[in-house]
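Let's start with one chain on its own, the form predicted on its own, as structure tokens.
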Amino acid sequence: MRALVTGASGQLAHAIRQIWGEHDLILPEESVLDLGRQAAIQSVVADVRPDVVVNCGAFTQVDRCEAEAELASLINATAVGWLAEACEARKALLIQISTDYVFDGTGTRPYREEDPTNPVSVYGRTKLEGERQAARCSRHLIARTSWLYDAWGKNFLNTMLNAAAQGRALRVVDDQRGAPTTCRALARQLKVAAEEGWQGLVHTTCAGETTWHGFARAIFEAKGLSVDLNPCGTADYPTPAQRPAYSVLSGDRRRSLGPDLMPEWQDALREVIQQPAL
């Protein structure tokens, strides 16, 4: 299988590079596969002639999206349409990475794929439009995930560990619930999905749920660190973009497609702490 991966410098692309090694992987530098330029997308896809395109590229700085809505729309939505057109011409499978932020967070049970969406931020709205654009490709898989992290990259895990190393007292939000998901777990699931030809919309998060405070506490416990960690509310730290208060995603459809490779979030965290390098 020949796979083209966008967003080569990102944390998910790094995991795919390590885990999909048995396949023919092409991860162009982002200056070459520039999602902001239709011609660049068309040229690279035509040259590479992939069987599958995994779109890991996105404008994921949620608060910046509020101020730079036009750029967010270009990268998260318009560019996905260009990828869909290029994949359609090649009859390639387009795997579009999406987000729990397509929901408003007012739910009280894990969101299923068929549940109504209602994003409350520019990031969520542009990613939802990206899903619609991806669906223009007749062979597409939209994989929604959440709270993505791993031992590498800029993410919550490393932010917490860096803060702890500085001896800082920490206050972390305890009224937003979701599922921390490792890049390596997602990369493994996407590999199977591509190999077995999954299509449509599927939720791909680690199992279980917690809050950001609960996640932070689990990180420090796994590392054996004693940290001055206290809970706080979302209202204590207002941000430009609204976050969904509850964004747990159901894995029922994924399990029906099988095999389900997404572990419990605590087990996934333990793997990252014990085996930081793949």
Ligand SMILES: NC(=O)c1ccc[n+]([C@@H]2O[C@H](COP(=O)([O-])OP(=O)(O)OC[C@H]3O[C@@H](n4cnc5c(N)ncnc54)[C@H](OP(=O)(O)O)[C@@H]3O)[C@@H](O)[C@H]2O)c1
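Residue indices: 1-based, along the sequence shown. For clarity, every value in this text was computed on a predicted model and none was experimentally measured.
The protein also exists as the form predicted together with the named molecule; that form is not presented, and the subsequent description refers to it.
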| query | finding |
| --- | --- |
| Whether G7, Q11 and S98 all lie within 4.5 angstroms of the named molecule in the predicted bound form by heavy atom | yes |
| Among the candidates C65, L33, V248, A216, the residue which, in the predicted bound form, approaches the named molecule to within 4.5 Å (heavy atoms) | L33 |
| Segment that reaches the named molecule in the predicted bound form - one of 145-153, 106-114, 158-166, 130-138, heavy atoms within 4.5 Å | 145-153 |
| Non-hydrogen atom contact C56 with the named molecule in the predicted bound form at 4.5 angstroms | yes |
| The named molecule contact in the predicted bound form: T60, any heavy atom under 4.5 Å | yes |
| A185, heavy atom within 4.5 angstroms of the named molecule in the predicted bound form | no |
| The named molecule contact in the predicted bound form: V102, any heavy atom under 4.5 Å | no |
